[in-house]
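The chain below stands alone and is given as structure tokens, in the form predicted alone.
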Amino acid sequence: MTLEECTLRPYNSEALNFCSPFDCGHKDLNDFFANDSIDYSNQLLGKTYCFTANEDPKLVVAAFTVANDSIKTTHLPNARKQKVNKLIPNVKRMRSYPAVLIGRLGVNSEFSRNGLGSEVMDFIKAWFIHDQNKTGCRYIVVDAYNEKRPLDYYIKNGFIYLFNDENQEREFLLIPDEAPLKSRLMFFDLIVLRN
């Protein structure tokens, strides 16, 4: 299955009622898409979309949620601030850069590990650098589950950690040293796709 064999549509009440239950193999993600995505949209916190198979429109192949966000450089360690500011004009005037947050992203378990997830990520990246994008968006950010598979996925797709290590991230998020870090903040600079 490829995205060329799918149709993008809003993952709204109509789609949720029409489509078969979505299963990406991750309990938390499945629960969000089944039970929380509509409320999330109704509260204007983000929009959820899905790709459905053209051959079987009830089959959700992948789903993702996007929302507005930003990277605030005033809160970053100097080395990371320099990396984020590297290609930005008028650095001294901006302390926050527009970003889109991928709040959730999942690929149907039936199609995982065949490159479809990277196709979805390429679609999202292209979507936000397209001339018809209605707002500025320099970065894509994600608060990825601190688990090998999702972290490897984002790294494979060009994302880097916002903080050099987990201790630095704990300090920024005011998480006690002994508490587990459940997710890692990562970002992708969209400007590399415009050059």
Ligand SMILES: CC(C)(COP(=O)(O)OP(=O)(O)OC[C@H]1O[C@@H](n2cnc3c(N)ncnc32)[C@H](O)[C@@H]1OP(=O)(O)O)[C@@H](O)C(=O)NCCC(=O)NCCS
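Remember, it's a predicted structure, so these values are computed and weren't measured experimentally. Quick note: we count residues from 1 along the sequence shown, nothing fancier.
Here the subject shifts to the form predicted together with the ligand, a form of this protein not shown in this document.
In short, of 132-140, 164-172, 23-31, 47-55 it is 23-31 that has heavy atoms within 4.5 Å of the ligand in the predicted complex. Taking the partner from elsewhere, residue 154 is found to have a heavy atom lying within 4.5 Å of the ligand in the predicted complex.
A residue is said to contact a partner when one of its heavy atoms sits within 4.5 Å of a partner heavy atom; residue 86 fails this definition for the ligand in the predicted complex, lying far away. Among residues of the shown chain, residue 82 is not one whose heavy atoms approach the ligand to within 4.5 Å in the predicted complex. For the chain shown alone, residue 112 is a contact residue for the ligand in the predicted complex, at least one non-hydrogen atom being within 4.5 angstroms. Taking a 4.5 Å heavy atom cutoff to the ligand in the predicted complex, the contact residue among 101, 76, 124, 116 is 116.
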